[in-house]
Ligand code: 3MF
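Consider the single chain below, provided in structure tokens and representing the form predicted alone.
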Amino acid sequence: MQTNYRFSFGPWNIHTGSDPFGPSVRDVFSFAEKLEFYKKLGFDGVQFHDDDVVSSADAPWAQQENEAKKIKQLLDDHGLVAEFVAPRLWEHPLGIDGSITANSPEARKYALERSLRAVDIANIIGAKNIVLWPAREGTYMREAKDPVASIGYIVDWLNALLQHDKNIRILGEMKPNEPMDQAYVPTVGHFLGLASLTVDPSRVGALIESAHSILAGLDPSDDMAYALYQKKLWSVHLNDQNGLKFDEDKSFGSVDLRRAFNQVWVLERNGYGQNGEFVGLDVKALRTQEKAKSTRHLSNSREIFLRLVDLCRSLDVKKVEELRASRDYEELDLLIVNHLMGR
């Protein structure tokens, strides 16, 4: 059965163009303006951090609840749905040292309390997926924390959220580095290993970002296949990456088209999206792009994905299987390259 794909992105994917080495190059769109872009660009889902929904994650709950209800109404008015909520723990002063794995009991307490509120916010806006991006859950030097205790803290955090709400699912979005030098749970394999230790492994899965796999020296399509086999691939963040350095969030397929093809191929061939999963894009406009054109990276990435879907569906699968069976990989190599070149 062919999948009718749905797409999502987060408000942070339409940004100012600022970086640590210079000023912002374009004005900021308001949140309301960003919502207006979704349908026009062909997107149905909105990815949220908790403080994308509420003005302050430290505000009294009554205020957060009221603000979340207003966001839900905005989503309904625009015909949009919330894909997930992720607690943004890394930008708070108590999150400097990685709040889930911090040496400070106060910081760990803050991380848990804020995360539980993020679950409550997600319920209001209609999202059942909670994403853990463990941005600072690692170290700049290995002696700075107890690594065994830190893994235990992460499992404790997962269990607390699972027990707080029996309907949510937790999606781990793993990354090997940046902003920390080294993360404690750097890949999807590490995270799904931890999932088996939780109180309800059936509600712990993965969100795989292309660039994060590449930064770990892995092929994103292999990471996706690993999670798909376990029926644990519940979201993706497609983008592209030029080498092993910082997280670039380039438009999907803009660096390595064949690598992008293989990601679409493994998703398409294994029914991804047929249970409502979104094709999420975590891409950012080039820093120098002017404001009037600063959504093209989103429409371009979506267009490239759908063109690659067409190529997957038009590929001579019988021929691929014959070449696999005969181990004629050179001919298979040429077949794929010619197909990508439209020959």
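Note that residue numbering begins at 1 and tracks the sequence as displayed. Computed from a predicted model, the values in this text were never measured in an experiment.
This next part talks about the form predicted together with 3-O-methylfructose in linear form (3MF), which is not shown.
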Legend entry - Proximity to 3-O-methylfructose in linear form (3MF) in the predicted complex, single hit among Y272, Y153, W133, Y184 (heavy atom within 4.5 Å): W133
Inset, instruction - Select from the listed residues A86, A111, M180, L162 the one whose heavy atoms reach within 4.5 Å of 3-O-methylfructose in linear form (3MF) in the predicted complex. - result: A86
Legend entry - Distance check, D282 to 3-O-methylfructose in linear form (3MF) in the predicted complex, heavy atom within 4.5 Å: yes
Inset, instruction - Please check if D247 has a heavy atom lying within 4.5 Å of any heavy atom of 3-O-methylfructose in linear form (3MF) in the predicted complex. - result: yes
Legend entry - 4.5 Å heavy atom contact, D223 to 3-O-methylfructose in linear form (3MF) in the predicted complex: no
Legend entry - Distance check, E209 to 3-O-methylfructose in linear form (3MF) in the predicted complex, heavy atom within 4.5 Å: yes
Inset, instruction - Name the stretch, out of 116-124, 97-105, 78-86, 143-151, where some heavy atom lies within 4.5 Å of 3-O-methylfructose in linear form (3MF) in the predicted complex. - result: 78-86
Inset, instruction - Give, in sequence order, every residue of 291-318 that has a heavy atom within 4.5 Å of 3-O-methylfructose in linear form (3MF) in the predicted complex, or say none if there are no such residues. - result: none
